[in-house]
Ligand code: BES
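As a starting point, one isolated chain is supplied in structure tokens, in the form predicted on its own.
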């Protein structure tokens, strides 16, 4: 993803925004209607990996819903590096060998067809200094999760001659993560317990692992679903509401992220008949799980005129709705969201947002707010099913989105549209 710098988009601090009530009544978001979208996406279609038939089925469903609400709908196509895991086997050599549950990190290189076997060398967090004094060449680097990205950890191991990298979790279960691009060496994730056991064994003596990783990396095409409602007096200025509709392989993706998609759709339904000065675009993103590819393509190609972006990801579970932007980024729209939440009586907590589709817009100079309710116990697991999503949480998120959009669309928030250029 290319990152460009843009001029400051905020003319007036959001703290000066005067609370305003909608000029006309609109229907309230429906928990039942929003939950029906979750049921269809996660319950009927199921796992929605970008570049697969399920991905296309989800696109058709979402486009149909937005057309039904009266939006002008298009599919914004883009290419991305598709990734698929066909087989992963990890075992500690011995008599008998001890099988270890593992998952390939997205974009992991494959092992030779017959697999590989090598000594295990623990290298802490996998930072450059952690490799000092360690004989990693020809070995499997055992790395703890945290501090730096998976991609950096694996690249550091490869640069020192490791034949593979194994990253162990800092909590229960096997993690799912992406390298963002194809790695030079095979890279898998294991649980915290298995990782610590291997570290202790390697500190006591020689430990060997056998790895077999069969993966596919190829270029495929997917599409973001875009619904546009044209503004009345300043249509060239655009507010984007979005969330990703794809999921990881094997996970129905009810909370991650049929929940955010459903809340965005429900907000779109409520706002469909409300005249607004600025235009509204509801953009439902594909290929987020593989590395924000859908939102990155849209934000870089369609950034002109966007005054703000609202992102919803995992809003169906958790104690309290959280709002935020990435550390060090413009928080003007977050301030607007906080004021709107207070006016609507919706409890929110500010936080420093993690990686989701809003980050693609921040890189293009667009102020954002990210709505999130935390990571649930079924994150990236087969248990991420509709039964674990709370319908009233969806309605609450949609209600807040409606309020934020009404505030921004009234053109009173002092936000300047982003223009292409350096």
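Just so it is clear, the structure is predicted and the values come from calculations on it, not from any experiment. Positions refer to the first chain, counted from 1.
The same protein has a further form, the form predicted in complex with the named molecule, not shown here; the description that follows concerns it.
Proximity to the named molecule in the model of the complex, defined as a heavy atom within 4.5 Å, singles out one entry of 44, 375, 57, 28, which is 375. A single residue from the set 195, 291, 324, 122 has any heavy atom within 4.5 angstroms of the named molecule in the model of the complex; that residue is 291. Using a 4.5 angstroms limit between non-hydrogen atoms, residue 314 touches the named molecule in the model of the complex.
Looking at residue 361, you'd find every heavy atom of it more than 4.5 angstroms from the named molecule in the model of the complex. Using a 4.5 angstroms limit between non-hydrogen atoms, residue 379 touches the named molecule in the model of the complex.
For residue 153, no non-hydrogen atom is located within 4.5 Å of the named molecule in the model of the complex, even though that partner is not displayed. Judged against the named molecule in the model of the complex with a 4.5 angstroms heavy atom cut-off, the residues 338, 348 and 399 are out of contact without exception.
Partner contact region in the model of the complex: 282-290, out of 165-173, 211-219, 230-238, 282-290, criterion any non-hydrogen atom within 4.5 Å of the named molecule.
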